[in-house]
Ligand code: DGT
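To begin, one chain is listed below as structure tokens, in the form predicted on its own.
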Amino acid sequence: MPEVSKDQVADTLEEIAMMLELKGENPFKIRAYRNATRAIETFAGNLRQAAEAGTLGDIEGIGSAIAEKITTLVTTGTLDYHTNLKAEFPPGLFEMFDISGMGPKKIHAVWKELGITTVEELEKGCRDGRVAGLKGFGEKTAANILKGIEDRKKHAGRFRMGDIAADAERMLDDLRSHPEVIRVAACGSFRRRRETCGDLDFLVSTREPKIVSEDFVGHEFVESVIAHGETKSSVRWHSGIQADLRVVKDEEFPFAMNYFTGSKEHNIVMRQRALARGWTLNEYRLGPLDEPKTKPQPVPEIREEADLYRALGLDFIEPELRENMGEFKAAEEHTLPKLVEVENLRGTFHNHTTESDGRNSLREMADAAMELGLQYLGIADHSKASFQAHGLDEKRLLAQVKEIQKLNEELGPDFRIFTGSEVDIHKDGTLDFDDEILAQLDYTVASVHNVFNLSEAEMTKRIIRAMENKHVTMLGHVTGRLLLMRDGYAVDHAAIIEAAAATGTIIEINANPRRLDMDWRWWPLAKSKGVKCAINPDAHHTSQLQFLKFGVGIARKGWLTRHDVVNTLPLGKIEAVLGAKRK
């Protein structure tokens, strides 16, 4: 039996809570499962060992009844309670949770009152007026649901980087450890660190293609086999994503890795450069043209991907930059940047605790940051206008400041917690706290959390007014987008970047894989204007500090170096950057 992971247990508990809410069960029972979900997500020990020792009930947030269910799940791989509960609902009902704005209460209402059990039926009900006629809905709600359905169609077949990365890395590790594999790589948009992927592309070199291919299609991730051959296999994983394996000879590996990494536009230029030298380039080789127009240059030996770039008169181009957006000119002129790396980060900002909507205490977040080797951590819980996130009012915020100061004395000189707030930007561009309060913080992240339907001009004016406040250190998630769920609100990125440059405001890359905002396409402009970046995980529990790696991927796609990212500065130097705008 495959081991049940901590994430799988947490997902199962969250699904149970969701289904109990659909049934209209006791809110305390629902909350118990949600509390248990959070407890499992933040549990640092070995889940199976705790289950076998009977100590799951000792974990804060897990009662004896739920501990018994978790024990069954991790020791047997299944939980009848979850399976039987799921059988009570039409399967199509769960797909409605993928639609922005459709929570358990709304889904329960359309199911029980209108008999709607699929997304298709929901769309029809929105168009014929039945959904709008439900109590508590109305025409505006129906219109928003329709937009959510359209967004879902638009993004069908796409997967967020953060949702597939762990499985992709696990597959890479398994392929590397295969005794018949010589070299292995992930290619495609995953290697280029695009924010979403349509599929996963794996490449191996081997002398035993049949054995490697058979093991790939027989992997525990595989739900179904789409195609299977010695040199190419396609499968569907349990997660829903398609994964393809290409098998080549080792001498073909550099060419195949380059070709299958892409992008398509990058590959076209690579082939053109080869043709200009009298060569032909494809996914298997670099060789002389059959009938060259001029005498071809000698074809150099290619052992690594970097050799191919050198042969074409280029410095090596990092995969993240391969979008045909200026990388060839820079590679010719030897001006490619040395891109920022995860190891360069010394700390981070925009993190939440249990004081607002976070799942871990201040101390737990600090301990997790120190365990990652960070030198500092910024705490930016929500401000009072974000009432749905239990935002802090002035009194609670200043009490947190004192708590942080006390903890800093305890932690010593080698690690520091910075006091901050993710303060709401009101509709008119004013802030949720006045300057007297903000002046008592080390920094402020200003973010939009409501009234998303302003025009581009109005939203841009709103954000710029906030940035003009000397206490706003950095701008949070510029467009508020939720990848594959909700488009960002309309903003004039160029104007926002100009304002950031003029006011000395840092712009964040929100590294939460649901956001990855500001989009990588705008960072070269920001960099050219001298705008600095902060890579922030927007962490709501300790494990989400790991989101920093996704933010670094976006920073690299945006051509950013360690000098463009403020949180690569060590403790002792970052303080001046946080206070620079006020001066």
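Numbering starts at 1 and runs along the sequence shown. Source: prediction; values computed, not measured.
What follows is about the form predicted in complex with 2'-deoxyguanosine-5'-triphosphate, which we do not show.
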Contact label in the predicted complex: residue 457 to 2'-deoxyguanosine-5'-triphosphate, heavy atom within 4.5 Å: no
Exercise: residue 486 in contact with 2'-deoxyguanosine-5'-triphosphate in the predicted complex, heavy atom 4.5 Å: no
Can any non-hydrogen atom of residue 296 be found within 4.5 angstroms of 2'-deoxyguanosine-5'-triphosphate in the predicted complex? no
Does any heavy atom of residue 286 come within 4.5 Å of a heavy atom of 2'-deoxyguanosine-5'-triphosphate in the predicted complex? no
Exactly one listed stretch (509-517, 354-362, 192-200, 449-457) reaches within 4.5 angstroms of 2'-deoxyguanosine-5'-triphosphate in the predicted complex by non-hydrogen atoms, and it is 192-200
Of 144, 71, 117, 267, the one that lies within 4.5 Å of 2'-deoxyguanosine-5'-triphosphate in the predicted complex (heavy atoms): 267
Looking at 100, 280, 263, 234, which is the one with a non-hydrogen atom within 4.5 Å of 2'-deoxyguanosine-5'-triphosphate in the predicted complex? 263
